[in-house]
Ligand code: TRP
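Encoded as structure tokens, the following chain is the form predicted on its own, with no partner shown.
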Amino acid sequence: MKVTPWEVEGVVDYDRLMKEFGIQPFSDIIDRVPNPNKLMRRGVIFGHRDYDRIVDAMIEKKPWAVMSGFMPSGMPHFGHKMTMDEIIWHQKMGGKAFVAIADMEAHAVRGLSWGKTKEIGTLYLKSIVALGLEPENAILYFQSSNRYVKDLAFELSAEVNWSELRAIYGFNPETTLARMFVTSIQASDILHPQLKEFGGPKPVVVPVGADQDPHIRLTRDLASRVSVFSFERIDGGVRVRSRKGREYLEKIKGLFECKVYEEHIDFFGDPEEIEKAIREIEVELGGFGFVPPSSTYHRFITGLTGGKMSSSKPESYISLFDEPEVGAKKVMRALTGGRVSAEEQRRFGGNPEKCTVFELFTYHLIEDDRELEEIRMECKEGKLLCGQCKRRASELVKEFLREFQKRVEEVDLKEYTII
């Protein structure tokens, strides 16, 4: 198994990933999530970091945001749709949506021209709008044209050295400076929704695949490094330290009931209220006061030919811009979890857990959980043959592509805030 931000190989062991990366099971928190979406209910979203912050903000109607992005290295496909669906759901639940087109990454890592990244990136923006992103409470942008992202990336880059990048990403002496700097751009993508220009510090969730977790871990560290105050929960309150000397502690002394020590102050009361007040003071003093970003992790959608669905392998995916008939034909050629013959299928049943067509039903095509369970059981019991299943999926894909592409033609990006 190899899982990096730019490459996924082999059979992915999600339990091992969670253990190695310190990701928490999403099943532990789903009962607290208001109206969880189908990806959460079906275990497609399998893990999280600090998602409690987001759930609390949803329930308490406090400001929060969702942020994720897309590298325009190939046509948008059903794998990208999964992330788009997650962003849209979070926006509907009250979050401000930030959608990035990672054109700087595509230029530095994939070697695409700026013109090509603009062309493909615009298709991604039109796609998420056609899927349901609302213009209110949304900001869309290209990395190369967002000065807030680039300025913050420069600040963050001062906190990262070569040894750390090598340890996280496996960079070597041949790695270009541009590719290394892109890691700061990505961290800035995640943190810039908390800049004062966008409402200041707040919880932000980043829906991603597990391959992007190195970016999340680095960004959470950077959020702490560039902020003046650090917080440690203690019995009945919060211990606060300053990274810039004693004089900053003097500026927050007396905000709440507290005990003052030489190197820190212990505040007593509601930890959330204490941290919020101190972050606001930090911003007033010219700092950032970042809240460490939260994240959710979804399983990789399997390519139609096996392995991870990838923009670099056109045969592995159904593009959102494939002709409906072409998309339907790709489904009919897809790998399934069926037996070698119809007779064996009826006798022993199929294996929907290893079927790319059943994944399409689970991730995208079937909304009703009971209907999905009926398909699963009929497959396992040998009542449903692969040909029948493929025909049903191909018709659903054809219908979806036809309706989606019609909506894309009607999209007017001028209604949206684009930086």
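All values reported here derive from a predicted model rather than from experimental measurement. The first residue of the shown sequence is 1; numbering continues from there.
Beyond what is shown, the protein has a form predicted together with this ligand; the following relates to that form.
**OP:** Verify the flagged residues M58, Q91 and N137 against this ligand in the model of the complex: is each one within 4.5 Å by a non-hydrogen atom?
**Re:** Result no, not one residue of the spot touches this ligand.
**OP:** Specify the contacting stretch among 63-71, 42-50, 363-371, 22-30, defined as having any heavy atom within 4.5 Å of this ligand in the model of the complex.
**Re:** Residues of 63-71 come within 4.5 Å of the partner.
Subject >> One residue of V208, V228, V283, V291 in contact with this ligand, assessed in the model of the complex (non-hydrogen atom, 4.5 angstroms) >> reply: None of the other options qualify; the answer is V208.
**OP:** State the residue from S127, Q194, T117, Q186 whose non-hydrogen atoms include one within 4.5 Å of this ligand in the model of the complex.
**Re:** Contact check passes for Q186.
**OP:** Look up in the model of the complex whether Q212 has a non-hydrogen atom within 4.5 angstroms of this ligand, and give yes or no.
**Re:** Yes, contact at 4.5 Å.
Original post:
Could you tell me if L320 has a non-hydrogen atom within 4.5 Å of this ligand in the model of the complex?
Top reply: Close contact is absent here: in the model of the complex, L320 is far from this ligand, nothing within 4.5 Å, heavy atoms only.
Original post:
Would L222 count as a contact of this ligand in the model of the complex, using a 4.5 angstroms cut-off between non-hydrogen atoms?
Top reply: L222 lies outside the contact set for this ligand.
Original post:
Given that the partner is absent here, does Q143 sit within 4.5 Å of this ligand in the model of the complex, heavy atoms only?
Top reply: Looking in the model of the complex, residue contacts with this ligand include Q143, since a heavy atom lies within 4.5 Å.
**OP:** Determine the residues of 104-126 with a heavy atom within 4.5 Å of this ligand in the model of the complex and present them in sequence order; the list may be empty.
**Re:** Stretch hits: a single one, E105.
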